[in-house]
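Next up: just one chain, as C-alpha cells, the form predicted on its own.
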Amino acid sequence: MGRLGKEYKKGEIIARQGDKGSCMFVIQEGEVEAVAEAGGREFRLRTMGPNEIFGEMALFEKEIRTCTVRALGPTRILTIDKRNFLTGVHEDPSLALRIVKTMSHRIRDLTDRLAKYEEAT
C-alpha cells in the first residue's frame, strides 16, 4: 500500500496567505513554518512538526488563508477536507475537542505575543 500524504521539498509552499482554503493539513513528517506578510514584511508566526495541524480554520469559515505555510525541509503532509473531518468527528468526537484546544492555544499564544509587542512600543 502506498503512503498517504503529499511530499514537499524545502521552501515549497503548502498553503498561501490570501488563497481560499477548503481543507486542513496534518504534518506527517518534517517541519514547516507559518509566516504572515503585512506592510511588505514577513513575520514568522511559528514552526510546526510531526502530528501538528494547520489550516483548520478553513473547515469552519469560508475565508482566505491568514498565513503562508512552507516546508523547512523534506516534509510529508496529509490533507483533510471538511467531509472527511466531519466523518472523523462522528467516529471519534474527541477529535473536535483536540481541534478546539489547538485553536485556543494558538489564540492565547498570539494574544501573549501581541501584549509583549504593545509593551515594547
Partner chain sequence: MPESQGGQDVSISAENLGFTRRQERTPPLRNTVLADGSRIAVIGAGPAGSMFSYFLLSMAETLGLDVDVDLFEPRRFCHRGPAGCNHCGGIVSELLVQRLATEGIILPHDVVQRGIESYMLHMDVGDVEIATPLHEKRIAAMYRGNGPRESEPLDTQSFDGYLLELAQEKGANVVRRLVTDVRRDNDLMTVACADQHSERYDLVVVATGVNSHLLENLEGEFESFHRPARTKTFICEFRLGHELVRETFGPSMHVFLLDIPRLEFAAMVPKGEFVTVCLLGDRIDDDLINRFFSSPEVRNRFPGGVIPQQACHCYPRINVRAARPAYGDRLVVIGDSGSTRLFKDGIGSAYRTAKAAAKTAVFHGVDAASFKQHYAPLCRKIGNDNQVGKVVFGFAGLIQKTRFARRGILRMTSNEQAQTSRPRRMSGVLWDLFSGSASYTNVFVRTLHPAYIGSLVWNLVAGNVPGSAARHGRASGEEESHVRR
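Residue numbers count along the first chain shown, from 1. Worth saying up front: this structure is predicted, and the values here are computed from it rather than measured.
Same protein, other form: the form predicted together with the partner chain, not shown, and the subject of what follows.
Distance criterion of 4.5 Å from any heavy atom to the partner chain in the model of the complex singles out 83 from the list 41, 44, 62, 83. In the model of the complex, the partner chain sits beyond 4.5 Å of every heavy atom of residue 114.
The partner chain in the model of the complex is approached by residue 26, whose closest heavy atom lies within 4.5 angstroms of it. The partner chain in the model of the complex comes within 4.5 Å of no heavy atom belonging to residue 10. Contact between residue 108 and the partner chain in the model of the complex is not found at the 4.5 Å heavy atom cutoff. If you take 85-121 and check each residue for a heavy atom within 4.5 Å of the partner chain in the model of the complex, you get 85, 87, 88, 91, 92, 93, 94, 95, 98, 99, in sequence order.
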